[in-house]
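Shown below, as structure tokens, is a lone chain in the form predicted on its own; questions about how it binds or moves come after it.
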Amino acid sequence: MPAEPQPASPIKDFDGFVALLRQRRPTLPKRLKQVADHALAHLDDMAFGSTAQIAERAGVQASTLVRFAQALDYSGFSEMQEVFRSRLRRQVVDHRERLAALRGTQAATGGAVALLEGFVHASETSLTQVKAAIRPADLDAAVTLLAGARTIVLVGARRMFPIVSYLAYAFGKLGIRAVLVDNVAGLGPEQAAIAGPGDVVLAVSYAPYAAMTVEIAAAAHRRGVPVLALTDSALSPLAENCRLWLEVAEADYGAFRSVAATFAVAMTLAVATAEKSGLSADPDLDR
């Protein structure tokens, strides 16, 4: 008598969970797809909310959360919720672990010069990769989308906040109407709610994805507001909640990732949008 197939072991890491969810989502029933979309758009809520709270916000029954977890090989919702909590724990210790890992490399004995060489090499790698990754047609489409917007709403958090801050500065200097969502007092979603169908939300986030950025992009996408995303993978939750996304995968040195490619793409979008709109660059743009 043939042996019964063994149940698959549940995935414990968040990136693996997202990859599995992307793979299985097309075959999920309607209600489970609804939970999947809510989960990727509300990462912190999934980590800390109770079953009843999450079910209410997702618009499903609590039992649907259990069925969703089981469809992804977990014994129940609580086991799956640990994956979302592990993502947050990883963020807390991440930079200390990176620094410890860096001490075990050549940079530990080479001092600041070795660090500089390592980070410059990572930046060079990132810039080479982004040229190969972004298709010209997608870049042109992104510029056309931005140039046609009444207002560009800029969303990014943590490591990506400097990117959208620069874009706010550049668009302002170029005479392009843009609003930076700075999330002061936790009002990011309310700030971004000004975006309407004639506007564009430009959202930037890489793994581990900032919950606020994902939530704002998803909400705008549901309202019919065009969303342009800069993100690192087709598995990104931003890729599911946008009209168009550009892939920007940054290289790292000692687990500290470059932002060189992202800045290059941001500068390209700003200047190309101005050119598409027939605007002239402010001579003070580089100051």
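For the two forms, the rigid core is made up of the largest set of C-alpha atoms that agree within 1.5 Å on superposition. Keep in mind that what you see is a predicted model, and the values were worked out from it rather than measured. We number the residues from 1 along the sequence you see.
A second form of this protein, the form predicted together with the DNA, is not displayed here; the remarks below concern that form.
Look at the candidate spot formed by 159, 188 and 218 and say whether the DNA comes within 4.5 Å of a heavy atom in all three of them in the predicted bound form.
-> Verified in the predicted bound form; spot residues all out of contact, no.
Between the options 172, 76, 208, 196, which residue brings a heavy atom to within 4.5 Å of the DNA in the predicted bound form?
-> Comparing distances to the DNA in the predicted bound form, the residue within 4.5 Å is 76.
Name the single residue among 52, 234, 244, 249 that comes within 4.5 Å of the DNA in the predicted bound form, judging by heavy atoms.
-> When the DNA is considered in the predicted bound form, the option within 4.5 Å is 52.
Taking heavy atoms and a 4.5 Å cut-off, does residue 67 contact the DNA in the predicted bound form?
-> Contact check for residue 67: yes, within 4.5 Å of the DNA in the predicted bound form.
Within a 4.5 Å heavy atom cut-off, is residue 222 in contact with the DNA in the predicted bound form?
-> Because no heavy atom of residue 222 falls inside 4.5 Å of the DNA in the predicted bound form, the answer is no.
For residue 62, is any heavy atom within 4.5 Å of the DNA in the predicted bound form, or not?
-> Judged by the heavy-atom cut-off of 4.5 Å, residue 62 is in contact with the DNA in the predicted bound form.
Would residue 31 show up as a contact with the DNA in the predicted bound form if we use heavy atoms at 4.5 Å?
-> Yes, residue 31 lies within 4.5 Å of the DNA in the predicted bound form.
When the DNA is placed as it is in the predicted bound form, which of 223 to 231, 236 to 244, 252 to 260, 43 to 51 ends up with heavy atoms within 4.5 Å of it?
-> The contacting stretch is 43 to 51.
Did residue 229 shift 2 Å or more between this form and the one not shown, C-alpha, core superposed | No; that C-alpha moves by less than 2 Å between this form and the one not shown.
After the core is matched up, is the C-alpha of residue 245 off by 2 Å or more between this form and the one not shown?
-> It does not reach a 2 Å shift.
State yes or no: after fitting on the rigid core, is the Cα displacement of residue 64 between this form and the one not shown at least 2 Å?
-> Indeed, residue 64 is displaced by 2 Å or more.
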